[in-house]
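Below you will find one chain, with nothing else, as structure tokens; this is the form predicted alone, and questions on how it binds or moves follow later.
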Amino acid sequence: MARLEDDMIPPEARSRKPEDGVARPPSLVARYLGIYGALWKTSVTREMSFKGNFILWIVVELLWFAMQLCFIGVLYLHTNSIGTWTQWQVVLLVGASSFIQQTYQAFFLVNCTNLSELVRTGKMDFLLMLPMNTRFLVSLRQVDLGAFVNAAFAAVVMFYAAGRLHLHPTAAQFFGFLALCLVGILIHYSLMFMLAAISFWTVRAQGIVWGYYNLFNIARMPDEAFRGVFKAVFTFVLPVLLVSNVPTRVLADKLQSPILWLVLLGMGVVCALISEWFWRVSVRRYTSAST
């Protein structure tokens, strides 16, 4: 009988030391990865429930991107360059801008715009009670799968433009470009999340959030096309120009000084810290919709 009971014990359990008798809980990173995997699964199920809408939205975004490229083509029928930017360099910039925008949209846009609804309907009560970081859940509840397709198309356009420019970026330039794109996404997320958190004061803030999102269109233009106060505002206050132009300059070997990418990195850190502070202040102000 004892022999039979021993055979029923898994080998890993038989080799376990007595002090390892209690199963260890998963690490914090593994726990949050598991949660995020479940959120992905839910997002895929939701998107596939409405395949027609999923495909139509991809087509609409691709048509909008094609119109931006056509606009650049028409623009360069009347000029040879914008500042020091040639036509294919601007196409590379448009591709990089769309890549950053669509990647941001894939992970964060829907969640930022839905924050005010969570506050208005009182669903934030439920999220605050869960034994996990509330901002993590609020920021990553849904994934826009169609945006990944559009980001891939933007990457193809960038690759084609780089070929027309005969660019051969080094590994440092390529990974520097990707790192700066991540910093740009962090800046966009931090600023838009702060704007969405205004809903703790005003209840509805979708108009403010979408207003900032529409400013992304400015990012597809070279920074040299702007001057004065306008350039300063959209470089350092709402850094849509900085976010797209600096990574593209690195890839196109147009960055003569490290100052711009240092500024971009610094703004990424500052925006992230201010966003976290503003989030904590905003949550303290929250009162349940049921009270």
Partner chain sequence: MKKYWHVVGIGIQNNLTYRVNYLTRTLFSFIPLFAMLSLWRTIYAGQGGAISGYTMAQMISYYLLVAVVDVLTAVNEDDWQIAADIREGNISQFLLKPVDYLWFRLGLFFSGRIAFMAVALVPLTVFIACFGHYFVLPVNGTACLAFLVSLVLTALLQFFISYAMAMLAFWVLEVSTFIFILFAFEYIASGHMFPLDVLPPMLKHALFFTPFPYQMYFPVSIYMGKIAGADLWQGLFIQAGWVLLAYAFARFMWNRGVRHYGAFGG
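Computed from a predicted model, the values in this text were never measured in an experiment. Residue numbers count along the first chain shown, from 1.
This protein has a second form, the form predicted in complex with the partner chain, left out of what is shown; the following refers to that one.
**Q** With a 4.5 Å heavy atom cut-off, would you call A30 a contact of the partner chain in the predicted bound form?
**A** It does not: once the partner chain is placed as it appears in the predicted bound form, A30 has no heavy atom within 4.5 Å of it.
**Q** Spell out, yes or no, whether the shortest heavy atom distance between D253 and the partner chain in the predicted bound form is within 4.5 Å.
**A** No, D253 sits far enough from the partner chain in the predicted bound form that none of its heavy atoms falls within 4.5 Å.
**Q** Would you please decide whether L215 lies within 4.5 angstroms of the partner chain in the predicted bound form, comparing each non-hydrogen atom pair?
**A** Yes, L215 lies within 4.5 Å of the partner chain in the predicted bound form.
**Q** Taking 4.5 angstroms as the cut-off for heavy atoms, does F230 touch the partner chain in the predicted bound form?
**A** Answer yes; at least one heavy atom of F230 falls within 4.5 Å of the partner chain in the predicted bound form.
**Q** Just to confirm the contact call: exactly one of 181-189, 217-225, 168-176, 127-135 touches the partner chain in the predicted bound form at a 4.5 Å heavy atom cutoff, so which is it?
**A** It is 217-225 that comes within 4.5 Å of the partner.
**Q** In the predicted bound form, which of the listed residues (A151, L140, V157, I82) lies with a heavy atom within 4.5 Å of the partner chain?
**A** When the partner chain is considered in the predicted bound form, the option within 4.5 Å is I82.
**Q** Only one of M67, M48, I259, V237 has a non-hydrogen atom within 4.5 angstroms of the partner chain in the predicted bound form; which is it?
**A** Selected option: M67.
**Q** Out of 236-259, which residues reach within 4.5 Å of the partner chain in the predicted bound form, heavy atoms considered?
**A** Contacting residues: none.
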